[in-house]
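Encoded as C-alpha cells, the following chain is the form predicted alone, with no partner shown.
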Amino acid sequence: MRRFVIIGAGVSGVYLSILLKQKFSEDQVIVIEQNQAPLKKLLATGNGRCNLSNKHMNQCYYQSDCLDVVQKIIQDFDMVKQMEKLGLYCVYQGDLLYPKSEQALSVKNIFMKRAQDAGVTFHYEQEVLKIEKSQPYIIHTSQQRLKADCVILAMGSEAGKLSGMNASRYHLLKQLGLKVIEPIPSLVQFYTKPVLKTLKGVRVKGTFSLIENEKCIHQEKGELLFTDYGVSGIAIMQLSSFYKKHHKYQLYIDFFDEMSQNQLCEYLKKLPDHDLEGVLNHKIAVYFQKYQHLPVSKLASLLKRFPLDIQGIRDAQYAQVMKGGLSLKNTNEDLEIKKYPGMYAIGEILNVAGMCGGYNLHFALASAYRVAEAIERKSYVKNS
C-alpha cells in the first residue's frame, strides 16, 4: 500500500485527493492543512458565487515562466465534464462558468463529501516544517512525522491570508533547493495620489489604462471603485496583474469611452456652463466643477484621460492571487519536480497567475487533474 501525502487543503489539494483515492482505492491519501478547516479561500471566490472557469481559456490570460506548460494543462481539462463526475452541475453565464447554485459553499460541500466518502484522511492545524529527501520521503509537521511514497505540494499562496498566515511555504521550497520567483500581490487594489476621498464609494463604468512613461501597458474596460486609499474594482484588479515593483505608473480614466474626444467636445458645447450634473454621478460632477472654466477641448481631454499617480499596490492580504512562487522550470510537464521523483506541485504555489474571470480556479483544478493522470500513467507503466 502506497501513501500519498498532499500538503494543503485548498481546492487543488482536495480535488487531487479525490482523484487519487478514486484511482487507487487501496492506497492511503492524507491531506495536511495548517488551518482549522479546508477550502477557506474557495468560499471567498467570485464574491461567494465561485467562478470556476471561462469560455476563453488560453495562456494569454496567465503570467508564468513556462506558459507553454500552462497552455497544455488548461486545454486538457474539461471543467464542466469533470465537475459533473463529482455531482456538481455548472452553467455558463456569458463567458463565466458558475455552479448552478451560484454558491461556493455548494462546491465546498461536494468536494468534502466526495473526499470523505472516498476515504481521504485530513490532518488539520499542522504546519509542515521540513521534508526529508529520502525514499520514502519523511514529512515533519508541527505535530508528527509521516512517511510518504509520493508528496504533493499544494500549499497555496499568501493571497487573501486564507491559505495560512505565514510564509513558511516558500521557506520549505528553498529548503529543498528549488527556485522560487519572488511572490508579489496580483489582482489587487491601487494606492493613488491624489486620493479622491470625496468620491469614496462611487463606481464608474469606463475604460482604464495603466500608463508608464506615456506608454499604455494595458487597458481594461469595466468598472472602477473610488476608495479612501485609491481605487478598486474588477478593471483595477486586472490592471494590477501588469504592475511591476519599482516602476512608476499612472492610471488614466476615460469617463466617456463611448465617445471620441471630438464627439465629447461637441457634446460639452451643448451643456449650459459645461455642467456635468446630468451626465455623470453627482459626486463626480461636483468634483469637476473646478474644471468648468477650462476650454471645451481641455475639459474633454481631462474627461477622456483623467490621471491619477499610482503609488503602489495593497499587500497580500487584500490580493486574490500572487504572481511568483515555485518556478515551473523546477518541474516537468506533469508538474513532477525534476530533482525529486514522486514529488509534485499544483495550484497557487506555482508561478502561475491568471486574470480575473475563473482562470485561477481553472488552473488550480486542471493542475490537480494533470498530476493525477501522470501518477496513474506511471503506476501503469511500473505494473505492466
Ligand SMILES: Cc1cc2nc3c(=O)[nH]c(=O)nc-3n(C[C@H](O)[C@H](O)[C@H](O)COP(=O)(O)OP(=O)(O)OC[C@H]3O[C@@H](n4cnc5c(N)ncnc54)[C@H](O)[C@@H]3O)c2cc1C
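In this text, residue numbers run from 1 along the sequence as written. Since we're looking at a predicted model, the values are computed, not measured.
There is another form of this protein, the form predicted in complex with this ligand, and it is not shown here; the text below is about that form.
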property	result
Candidate site 181, 325 and 328: all three near this ligand in the predicted complex by heavy atom within 4.5 Å	no
Residue stretch of 63-71, 38-46, 334-342, 22-30 approaching this ligand in the predicted complex, non-hydrogen atom distance within 4.5 Å	38-46
Position in contact with this ligand when the complex is considered in the predicted complex, options 232, 126, 207, 238, heavy atoms within 4.5 Å	126
202, 195, 90, 172 - the one with a heavy atom within 4.5 Å of this ligand in the predicted complex	172
4.5 Å heavy atom contact, residue 168 and this ligand in the predicted complex	yes
This ligand contact at residue 159 in the predicted complex, heavy atom, 4.5 Å	yes
Contact label in the predicted complex: residue 351 to this ligand, heavy atom within 4.5 Å	no
Distance check, residue 361 to this ligand in the predicted complex, heavy atom within 4.5 Å	yes
Residues in 1-40 with any heavy atom within 4.5 Å of this ligand in the predicted complex	7, 8, 9, 10, 11, 12, 13, 32, 33, 34, 35
